[in-house]
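Next up is one chain by itself, shown in structure tokens, the form predicted alone.
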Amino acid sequence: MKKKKENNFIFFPKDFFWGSATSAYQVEGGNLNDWSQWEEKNAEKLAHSAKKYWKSWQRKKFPQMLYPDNYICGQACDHYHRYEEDFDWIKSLHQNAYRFSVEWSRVEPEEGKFNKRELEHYRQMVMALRDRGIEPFITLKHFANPLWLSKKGGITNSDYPRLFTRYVQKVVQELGEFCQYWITINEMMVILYNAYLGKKNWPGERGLIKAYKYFRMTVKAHNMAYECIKKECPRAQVGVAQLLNFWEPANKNSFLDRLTTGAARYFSNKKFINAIKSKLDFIGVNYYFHHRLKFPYQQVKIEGKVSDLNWEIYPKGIYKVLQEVKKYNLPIYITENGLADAKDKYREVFIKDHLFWINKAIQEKIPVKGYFHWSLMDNFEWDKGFWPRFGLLEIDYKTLARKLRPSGKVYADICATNGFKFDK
């Protein structure tokens, strides 16, 4: 498709998916799994460490980070009970797709015992989306594990691929008639680093051997789940959602900086996709970060606009990442892209700037088929709690009232017109 310009208006393909994304644990409320257990044990520690971890301007702007109840998910946004209201919002915002996750711990709260009521709940969600003309994109594994699985060693258990595939089969048998797009696993490398290798102590056991087992079992689990989904629903399109960072050397003339950057790019962006590329129908790109590296592994501070999380805003990076994944010759969906911005200061420009670079990739024949903004609504941001605000919809956590942010109206107009006027 050739880019058309009418008064600097950028058009997207007619069949482009416009949507937003959430995950079950972050919005549903009332979940019991390894993460809810972990946060109960760590809320006090997280509140205490916030005094040193976050910058003074962040602590001043978001004092709730200093209190333990910020780190307890609880009812979250109560999306579990209010999904019809939230789907009405999606429709009113002219979005034609919604990415959400099925919570494994609800569907299989005890090993081998599936909860028919919860399966019916997700079936009703899918039907509610279909009734509104919204395409469901279902994520089957978004970080959290059932407690019974965690007690067995979680993903590092050699039986994990079979257990995961059994759960996947049950969900697809119930929902596959109405769902074409499936994401087996979200951001596996994020868990690998935060739970098994990095400084953060997410649910999991630290150690190189555990990390190796986690990677190997996740690859096997995806491949088995892929085959299972295709058997149950041959028309299904199956992929993963992978955090892909834009890495570049601090000094492009330095061999050591280039070597450091290449290693980071390989392990972060390429290793998992390379391991499962024969079992992918599409690639989901989650883009948030731009890193400049100096040997041996030092991140160079970048001056510029940042989000409330102090993450650099670098829209061109999404174009660079898309150039990297073009080589796989697979359809690409931007399955997450957003920023923490409580005052809605940057979000409108953030969306337009990223879409500009996505559109440029499309003009260069990179097959980007859809864009899902993270997130539909403010939500519980894992070990950061409730203070980072990513939503197109602002959530009042006392009343759970939803309110559209100005940037949400701008994104709705983009979805409605399949493009936007861009002044660069």
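This structure is a prediction, so every number in the text was calculated from the model and none was measured. Residue indices: 1-based, along the sequence shown.
The discussion below concerns the form predicted together with a small molecule, not included here.
### the small molecule: the contacting residue among Ser105, Thr261, Thr218, Asn186 in the model of the complex [heavy atom, 4.5 Å]
Looking at the other structure, the residue within range turns out to be Asn186.
### Task
State the residue from Tyr333, Trp247, Tyr226, Phe143 whose non-hydrogen atoms include one within 4.5 Å of the small molecule in the model of the complex.
Filtering the options by heavy-atom distance leaves Phe143.
### Message
Using a 4.5 angstroms cut-off on non-hydrogen atoms, would Tyr288 count as touching the small molecule in the model of the complex?
### Response
Yes, contact at 4.5 Å.
### Query
Using 4.5 Å between non-hydrogen atoms, is Phe267 touching the small molecule in the model of the complex?
Phe267 lies outside the contact set for the small molecule.
### Task
Consider Tyr297 of the chain shown here, and say whether it contacts the small molecule in the model of the complex, taking contact as heavy atoms within 4.5 Å.
Tyr297 lies outside the contact set for the small molecule.
### Task
Give a yes/no on whether Asn359 approaches the small molecule to within 4.5 Å in the model of the complex, heavy atoms considered.
Judged by the heavy-atom cut-off of 4.5 Å, Asn359 is well away from the small molecule in the model of the complex.
### Task
Would you confirm whether the three residues Phe62, Ser307 and Asp341 all fall within 4.5 Å of the small molecule in the model of the complex, going by non-hydrogen atoms?
So, no: the whole triplet misses the small molecule.
### Task
Look at the stretches 54-62, 361-369, 394-402, 375-383 and give the one with heavy atoms within 4.5 Å of the small molecule in the model of the complex.
Only one stretch passes the 4.5 Å heavy-atom test: 375-383.
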